[in-house]
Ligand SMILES: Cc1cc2nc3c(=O)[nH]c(=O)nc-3n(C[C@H](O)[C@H](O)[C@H](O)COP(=O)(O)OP(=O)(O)OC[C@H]3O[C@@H](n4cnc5c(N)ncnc54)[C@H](O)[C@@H]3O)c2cc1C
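One chain comes next, on its own, written as structure tokens: the form predicted on its own.
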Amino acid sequence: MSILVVTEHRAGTWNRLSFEALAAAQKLAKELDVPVDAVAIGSGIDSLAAELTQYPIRTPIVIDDPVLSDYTPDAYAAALEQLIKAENPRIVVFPHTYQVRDFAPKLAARFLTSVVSDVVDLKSSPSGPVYVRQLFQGKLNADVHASGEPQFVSVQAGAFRAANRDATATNPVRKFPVQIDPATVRSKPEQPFREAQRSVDLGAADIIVAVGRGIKEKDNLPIVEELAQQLGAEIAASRPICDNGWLPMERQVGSSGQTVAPKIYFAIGISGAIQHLVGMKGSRTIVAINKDESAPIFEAADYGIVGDLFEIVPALTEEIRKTKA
């Protein structure tokens, strides 16, 4: 028995959510005392598959077939069905992406089960893993118990910090041959779905300085923008700031904005509504600055500063400037 991670890539580049899914699988594996395998799917992807050997995975698997050169739900479901029947994993973990949402239900139906989607946390219980999902835009958490095996689970972006490479990993790639009749692939590949073009991808930022309604008015934004400049950070915002047009909507973090997981996240003048926390809770280190000591943001913060942001932020910016001089 094992846990199987289904990775995702496009145009020769990994989707970073693949390694967040791997981190979730590692957490499950530790609780269940089972190994983790991972599979890459496509055609001519030997170099990508080789990268999987750099992660703490028992068996990096590659399914390489011309029929899989372009993504189609029929071909992916058929390929993974053959692999799962051969490997018999206990749990199959996916990143929660548009592509997974397209084919994973089809795949799960072939095993007469469903997908526990958009999981944000994992718990253990005597009866097996408990998958935590959020309801009503994060206002409620639901504990979900899945029955039968294999169990299919997709992991929400930013819910788990991406797994780290392991320099000592030496497990070789194993190729898994599949038999897919091209005639059974009913859909024809078209241009992949693309979200609205953004001038900035906050999800790729290492440092983010986010501002909330505590900034009071648009004319005060330069205070936090200067801090972001000194840190080499991207500027972001909670929804009220973007709704007011003070920053473009592409800078919004939260359930109706971008989901981020930077190394450092500064939450300045942000109260910490659940809709915002959903988008940034995967940050490695959270620094909150707020004058309200009971603000919910402090419950999520690693470091909290209670005080007036108009005094604290300029002082912090000046200290950072001195260290760079």
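Because the structure is predicted, anything quoted here is derived from the model rather than measured. In case it trips you up, residue 1 is the first one in the sequence shown, and so on. Only the largest set of C-alpha atoms that superpose within 1.5 Å between the two forms is called the rigid core.
There is also a form predicted together with this ligand; it is not shown, and the following applies to it.
The partner is not drawn, yet in the predicted bound form one stretch among 45-53, 256-264, 31-39, 64-72 has residues with heavy atoms inside 4.5 Å of this ligand: 256-264.
For K216, a non-hydrogen atom is located within 4.5 Å of this ligand in the predicted bound form, even though that partner is not displayed. Taking the partner from elsewhere, L309 is found to have a heavy atom lying within 4.5 Å of this ligand in the predicted bound form. The closest heavy atom approach of P240 to this ligand in the predicted bound form falls within 4.5 Å.
Within 4.5 Å of any heavy atom of this ligand in the predicted bound form lies no heavy atom of R58. Residues of 255-284 placing a heavy atom within 4.5 Å of this ligand in the predicted bound form, in sequence order: S255, S256, G257, G269, I270, S271, G272, A273, Q275, H276. Core-superposed comparison between this form and the one not shown: the CA of W14 stays below a 2 Å shift. The Cα shift for V115 between this form and the one not shown, taken after rigid core superposition, is smaller than 2 angstroms. In this overlay on the rigid core, N244 has a C-alpha that sits 2 Å or more away from its partner position between this form and the one not shown. In the predicted bound form, the Cα atoms of F160 and Q252 sit 3 Å or more farther from each other than they do here.
In the predicted bound form, the CA atoms of G279 and F160 sit farther apart than in the displayed form, by at least 3 angstroms.
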